[in-house]
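Encoded as structure tokens, the following chain is the form predicted on its own, with no partner shown.
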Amino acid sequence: MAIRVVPLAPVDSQFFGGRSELVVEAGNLFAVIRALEAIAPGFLKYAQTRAWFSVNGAIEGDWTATIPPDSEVIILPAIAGG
């Protein structure tokens, strides 16, 4: 199923050549991230430690949770705080 992926800055330019939207075939976040790793080697490592993922407007931490068809996944850079 087609999933619309929106990488926010600086992820868009760091990994995807400034593209503001990508479309991948995936059924869960793990598959989305694997597809993005195929496009941009090194993205998986970044995703594991420095990104959050919003699925249809809600932060999703379970990479194995099913994503409904035609969903939107937004890649949010993790924000350090203290």
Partner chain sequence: MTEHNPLSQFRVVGTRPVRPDGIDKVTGKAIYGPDHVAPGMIHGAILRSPHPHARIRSIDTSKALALPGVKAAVTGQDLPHLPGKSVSLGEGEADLANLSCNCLARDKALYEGHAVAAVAATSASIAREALKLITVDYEVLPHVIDLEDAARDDAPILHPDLRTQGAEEPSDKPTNIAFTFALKQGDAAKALDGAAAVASGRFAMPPVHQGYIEPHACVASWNADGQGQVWCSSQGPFMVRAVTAGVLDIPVSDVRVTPLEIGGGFGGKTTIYLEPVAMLLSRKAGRPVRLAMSREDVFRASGPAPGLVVDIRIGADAEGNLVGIEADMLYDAGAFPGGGTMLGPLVLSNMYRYPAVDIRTRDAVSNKPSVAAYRAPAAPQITFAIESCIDDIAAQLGMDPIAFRLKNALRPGDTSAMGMECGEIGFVECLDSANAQDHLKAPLGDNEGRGIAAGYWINIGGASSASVSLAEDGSVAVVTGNPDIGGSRASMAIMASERLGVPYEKVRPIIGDTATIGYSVVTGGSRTTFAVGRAVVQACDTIIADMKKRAANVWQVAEDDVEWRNGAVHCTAKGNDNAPMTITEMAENANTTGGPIAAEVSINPHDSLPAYGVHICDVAVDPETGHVSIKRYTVVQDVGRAIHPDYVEGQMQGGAVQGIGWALNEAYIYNSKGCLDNPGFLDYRMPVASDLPMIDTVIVEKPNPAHPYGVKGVGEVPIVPPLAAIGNAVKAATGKRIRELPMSPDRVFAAINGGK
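Since the model is a prediction, treat every value here as computed from it, not as a measurement. Numbering follows the first chain given and starts at 1.
Another form, the form predicted in complex with its partner chain, is not on view; read the next lines as being about it.
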Taking heavy atoms only, is P68 within 4.5 angstroms of its partner chain in the model of the complex?
-> no
How about A78: is it within 4.5 Å of its partner chain in the model of the complex, going by heavy atoms?
-> yes
So, in the model of the complex, is L8 in contact with its partner chain at a 4.5 angstroms heavy atom limit?
-> yes
Would you please decide whether S13 lies within 4.5 angstroms of its partner chain in the model of the complex, comparing each non-hydrogen atom pair?
-> yes
Could you list the residues in 16 to 38 that come within 4.5 Å of its partner chain in the model of the complex, counting only heavy atoms and keeping sequence order?
-> none
